[in-house]
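This document starts with one chain, in the form predicted alone, laid out as C-alpha cells.
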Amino acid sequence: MRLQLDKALQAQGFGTRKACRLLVNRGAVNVNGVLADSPDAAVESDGLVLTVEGVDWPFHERLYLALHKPAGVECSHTPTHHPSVFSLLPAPFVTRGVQCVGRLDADTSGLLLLSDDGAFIQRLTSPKHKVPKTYLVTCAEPVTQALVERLSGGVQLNDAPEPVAGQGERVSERALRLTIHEGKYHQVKRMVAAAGNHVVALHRERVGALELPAALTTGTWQVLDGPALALVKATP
C-alpha cells in the first residue's frame, strides 16, 4: 500500500497530520534509514520502517500486542485506584487507539492482548466464540482433588442461569491451573469461592493458542507478528 508520508506517520500514532508534517520538516524522520525531506513523499507500507527522533518504528497497518501485565495496574484509560496499563506502552501506540482485548483485574497478572483491530477484539471477546483462557491460581487453602472436581463439574454463580465449569488441574499444594471459556466479572475468583476456597493470586498464562511469551518480563510488551500472531488469529 502506497501512502503519503505524513499520513503514514499519523496512522502510526505520531499525532495530527500537521504535527507529523512538522516532524518531517524539522528533520526528525527517516524512511528506511534515509532522511525524509518532504511530508508529501509517497512511501510503500510493506517493509516500511519509520525512524522518528532516533527511534525505529516498523509500520503496522493494524497493531497486535502481547503485554505481561503486572499486578497493581488497571486495564483502563481512566484508572481509579492504580496506574493505567496504557502507561506501560509507548505514546504512539496509545495515540493510535490500541485497546485491551478483554480485561484483567487490577490484582491479576499475566498475558494481556491489545490491538487497534476492532474485528479482532470482538472475535476474541465475544461470548459466542468461547475463547479459552488459562490461569495459574494460588489459593488460600490447600487445593484438593475434590476442589478440582467441583470446578470441572461446574459451580453456580449468581449471574449465570446454569453452573459454570472450567478445566482444572492441581499444580501444587495451594495452586491449580484453570481454563475457562467465558469472561464473567471476577469469574475465576468467584468460581473458586463457590467451590470452597479463596484466591490469593491470579496469573493468566494463555489466551486461545498463545502462551505468555517466555521473553516477556513483568511490565514489558512485544508486537505480535509471524507465528505468534498466526496463533492468536487461529483462535476460533
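If you're wondering where the values come from, they're calculated on a predicted model, not measured in any experiment. Quick note: we count residues from 1 along the sequence shown, nothing fancier.
The form predicted together with uracil (URA) exists for this protein as well; it is not shown, and the discussion that follows is about that form.
> Heavy atoms within 4.5 Å of uracil (URA) in the model of the complex: which stretch in 154 to 162, 121 to 129, 139 to 147, 101 to 109 meets that?
Of the stretches listed, the one contacting the partner is 101 to 109.
> Have a look at Leu50, Leu202, Leu176, Val207 for me and say which one sits with a heavy atom within 4.5 Å of uracil (URA) in the model of the complex.
So the residue touching uracil (URA) in the model of the complex, by this definition, is Leu202.
> With uracil (URA) left out of view, choose which of Arg170, His181, His186, Arg62 has a non-hydrogen atom within 4.5 angstroms of it in the model of the complex.
Exactly one listed residue reaches within 4.5 Å, namely His186.
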